[in-house]
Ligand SMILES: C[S@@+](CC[C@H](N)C(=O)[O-])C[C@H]1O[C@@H](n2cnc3c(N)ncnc32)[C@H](O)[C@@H]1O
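The chain below stands alone, shown as structure tokens; this is the form predicted alone.
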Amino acid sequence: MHFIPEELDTYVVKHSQKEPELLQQLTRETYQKILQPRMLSGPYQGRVLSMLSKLVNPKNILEIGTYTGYSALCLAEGMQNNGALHTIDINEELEDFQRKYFNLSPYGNKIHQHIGDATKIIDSINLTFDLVFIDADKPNYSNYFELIINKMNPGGIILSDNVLWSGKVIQKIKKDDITTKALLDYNKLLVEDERVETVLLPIRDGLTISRVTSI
């Protein structure tokens, strides 16, 4: 979703860092072979993720929601040489697709895939994190936050995607719309929780940056 006029959005994209060739290939194959290709972060948001990762220069990254691996590769661009990226997805059918592109990148041996329920997997990863990207099932966003907050290093960054949910967060909620309700609760949690300081950016479908100030 675009929150600025399309012509201006095109200008913004044109004057931002270009998408690497490997990610262009990943995008093409995702659209050819995988259901719901709109779930990709896409070239502009991908460059935002890459830039944020490079600014943080994380040693350990956690991603909740891998899909076809696009955002993981973007986040890996800023990772330290001795770092690791752990990415979790519930869809085992995408594991080989992800690995193909991870291995084509310079980061293949640093990216570790986990298949299953993230609420059960997170605690089993015996690391603390400098950067976390949440982009999975929205009703669990608050649960993911509570699971990761004590595994964050001081000053660590939590990125949360789709927090504007196509603008539904400011519309009247339908009774059966549990996703929008969950995101409203999550956005309220982030802005009120004293363990983080948060800014919500109207980038694509909404991207929140939360910096861990205390544990």
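These figures come from a predicted structure and were not determined experimentally. Position 1 is the first residue in the sequence shown; the rest follow in order.
Only in words, not in the display: the form predicted in complex with the named molecule, which the text now covers.
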Which of 78-86, 105-113, 137-145, 123-131 lines the interface with the named molecule in the model of the complex (heavy atom within 4.5 Å): 137-145
All of Met39, Leu94 and Asp117 with a heavy atom within 4.5 Å of the named molecule in the model of the complex: yes
Interface residue in the model of the complex among Asn60, Thr66, Ser50, Asn187, criterion: non-hydrogen atom within 4.5 angstroms of the named molecule: Thr66
